[in-house]
Each structure stands twice: as structure tokens, then as C-alpha cells.
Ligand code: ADP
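A lone chain, given as C-alpha cells: the form predicted alone.
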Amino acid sequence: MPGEFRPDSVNNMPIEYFLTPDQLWSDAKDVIKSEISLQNFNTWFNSSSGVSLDDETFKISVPNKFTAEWLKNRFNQAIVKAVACCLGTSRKIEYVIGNSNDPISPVGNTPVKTTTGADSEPAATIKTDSVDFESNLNLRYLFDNFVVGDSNQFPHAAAKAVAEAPMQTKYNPLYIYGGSGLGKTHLVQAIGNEATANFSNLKVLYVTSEKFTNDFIDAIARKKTLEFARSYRSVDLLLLDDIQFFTGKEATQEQFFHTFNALYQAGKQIVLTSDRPPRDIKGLEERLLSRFQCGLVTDIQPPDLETRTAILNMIVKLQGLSIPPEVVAYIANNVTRNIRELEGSIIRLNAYGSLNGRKIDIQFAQEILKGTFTAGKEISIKSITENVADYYRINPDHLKSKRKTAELVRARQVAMYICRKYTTNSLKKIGEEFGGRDHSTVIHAISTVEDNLDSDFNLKSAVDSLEAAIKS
């Protein structure tokens, strides 16, 4: 039984000498039973037994392939730990499906072999050992520390669904878009970490579009493009961040197109992120854009005040800091669009407080952070509209009208761009405030300004002047 003393060796004989496979499995099951629900234990473990134990492998007999897959995908980590606890050393685990003439196909990427014995019918073995694979996942990004609010509730739910049943949902590909610093990377990495925890044999890969491009360029230089293709097309769950940076890279787009097709047709899961919806990414091939939209496209909006406050409290808790509620409220009221800025404000305060031996209170926070945002100043759609109308010397009401003169269109686009950047209003709300326009019109306006800021001096001058005005 677990906790019962057994000598590690007697006369140099290993502990397994004293245990039959079934005794070991009985002890291991007692350990597992204390860690999972009784319902799960009765459903998946009662009909199993230990059948073979040697220096490398412990084999467990299960009644069918489905049970083998479920134990391997859901409970393998607990089984490995329990066996090691009872045995005093780790073993590879194999699930043997006995007394079956049905052909057994591989689970995921795991090889399956059949064995025959003198007094037994063919049995299938599903091995759990696998080649090491670098997933590029950061364990910091989990669903447990992702704060859910109205602004991200739907993409969070979709991400959880994919993580719990990769390759089984209709969300393939899952395409998540939103502004910088709103949590897209956190969400896709959380998918990878959760899926890896739930399905130990799943091959998960997280990459940025920049890394994919660099890997492809390196493969070309080393004349190993076939190896590159095989590597990327062998994964079960591909998480690709910032797809918009594929714009203008024709060869990379061509390679990704074939990678996407290979994974999709094999039923593998694809998750993509971008700073804008597919149709607003200029410079991407039409065939890629159409594929991005064949699954689920969802966006993350800037967090509202309540969500920003909850995020700050989570950051404070995770870092083990002591920040007064009034300081948290001060930051939440002034950093309105970017979660990274919320975290940066906390880090800045803590660093200055530690270096100067100062207690963090509201006066200290205002002193340290006053240069990073405009304290207490509310930036609204109304104030932006008035500033834009004043700059372009037009009537504010004309920005909400149906008139489409070149000057009005430009002013309206600039106003929508600044509203999106400096307020927490949704695309729908911004559109409503500018004459009941739909969110696609707002997206087009924002993209037009973003695409021309670097090349249009007059536009950049206008935006810079207006941003300075609304923040002053």
C-alpha cells in the first residue's frame, strides 16, 4: 500500500523483485485515487490491471483502444508519477489492449506495435515515450492567470474550447485579432499549455511569424526546405502569432499556404493572431485570407475599468506585492488601452519604491507615473470630435453626417483612429457616434490611417498635433 515501507533493495535486488505488476498497479491506483474524482477513477481505472514490469517499461492492460487513448491523453502524467512513487524509480508506460482482433491505429503521433504470445491473441501497445520537442511555450501564460471580462469573454471561451478538444471543434482555424498588448499572445500560449497538460502526446508548436520566416530563410540557405516543411507539418497544434507580418513576403506566404493546407487537411488544429481582421491585412494573398476566415474569427477589445482593475490585482497578487487599492484604481483609471502598460506601471512603481526606500502610496504613484500618462484627464469621443473638428476647421456635426467630401472623409477617419487609440469604446460604439456607421467602416478608417502614417507627412502631422492636444 502507498506509504508502506519497502526496502529499495535486498542483496542488490531491485524493488520490482518484490512486486508483481498487478501489486504495483494496485498501489499506484491508490495514489491516483486520492488525486482525481471518484467518478473518473471508477470509469477509467477499475477495469485496468498491471501485466508486465521490467527495467524500462511498465505495461498496463486496458479493455479497449478508447480507454487506452483516454488514459494516455488525460491521466498519463498522474500515472507516471504514481508508478514512480510506488516503485522508487520511473518507468515508461505502455497501455496494452488485449484480446482484440481489431486493428489498432496510432494515437496522435505515437507508434503502435502488436505483440503475440504463445497463449494470447494479438495485442496492441500504445507507447507514451516520445522524442523531445521544443514547443516554445512560456509556462507563465495560463488560463488561470488570464483575467476575463466583457472585452475578451468570447475569444477566451473559444480558446478554452480548442485547448480542451484540439482538432475536435469547428474553430479551425481559430483567428484572434486585437490591438497590441491586449492579451492575444497570453491566450494562444494558454491554449498550448492547457492542451499539453491535457494531452501528453500532442505535438504543440508556438511560433511568431518572424520566427517562421527566419526558419524558412535559414532552410533555404542550408538547402533544407524539405526538412523545414516536414517539421512544421508534423505538429498537431500550431499557434502562430502576428500573422500580419507575412505581408509582402511572397515566398513565406507560399510556404505557409502549403503548411496550412497540410495541417488542415490532416485535421490538425491551427490558431492564428493578428492586430486586425483578415480582410484588413493588405499584402496577403487572397487564398490565405479566405482560409483564415473558414474557421472562427474573433477579436479582443480594450479592457473596461472593472477588467483593468482585476488585471492589476492579478499582477499584484502574482508578484507578491503590496499595492494599496487607491493606487490600483489610479492606474486603472489612467491606463485604458494596453495591458502591458498596466503591468509596466506596477513594475515601475515597485522598482522606484525599492531603490528609494519609499512606501508605495497614492502620492508616490502620482509622482512616479505622472510622466507616463495624463493623470485624471478623461478622453472621450466627444472631446476627440471637437479637437478634430477644430483642427480641420469644420463643424463637429459634419463628422457625424453622411457627407463624403475628401476633407470630411479624412477628418472622420482620423477621428475614428484616435477614438480607437485613446478610448475604451468598442468599434460598434465608435461607429454609432459617427452617424451610425457599422464597425467595418471604423476598421477601414483605422487601417487607412495606420497604413498611411509613415508615407503621408500631412496626415502624420495632423495625428501628432491632435494626440498632443487631447492629452494636454
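From 1 onward, residues are counted along the sequence shown. Computed from a prediction, not measured in an experiment: that's the story for all the values here.
Quick note: we don't show the form predicted together with adenosine-5'-diphosphate, though the next part is all about it.
Chemist: With adenosine-5'-diphosphate left out of view, choose which of K317, R230, R340, K382 has a non-hydrogen atom within 4.5 angstroms of it in the predicted complex.
Modeler: Comparing distances to adenosine-5'-diphosphate in the predicted complex, the residue within 4.5 Å is R340.
Chemist: Considering non-hydrogen atoms and a 4.5 Å limit, which listed residue (F292, F216, Y330, F146) is close to adenosine-5'-diphosphate in the predicted complex?
Modeler: When adenosine-5'-diphosphate is considered in the predicted complex, the option within 4.5 Å is F146.
Chemist: Does adenosine-5'-diphosphate come within 4.5 Å of any heavy atom of N152 in the predicted complex?
Modeler: So N152 counts as contacting adenosine-5'-diphosphate.
Chemist: Are any of the heavy atoms in R140 no more than 4.5 Å from a heavy atom of adenosine-5'-diphosphate in the predicted complex?
Modeler: R140: contacts adenosine-5'-diphosphate in the predicted complex.
Chemist: Check whether S234 has any heavy atom within 4.5 Å of a heavy atom of adenosine-5'-diphosphate in the predicted complex, and answer yes or no.
Modeler: No, S234 is distant from the partner.
Chemist: Does any heavy atom of Q366 come within 4.5 Å of a heavy atom of adenosine-5'-diphosphate in the predicted complex?
Modeler: Contact with adenosine-5'-diphosphate, no.
Chemist: Pick from 183-191, 396-404, 88-96, 165-173: which stretch has a heavy atom within 4.5 Å of adenosine-5'-diphosphate in the predicted complex?
Modeler: Of the options given, it is 183-191.
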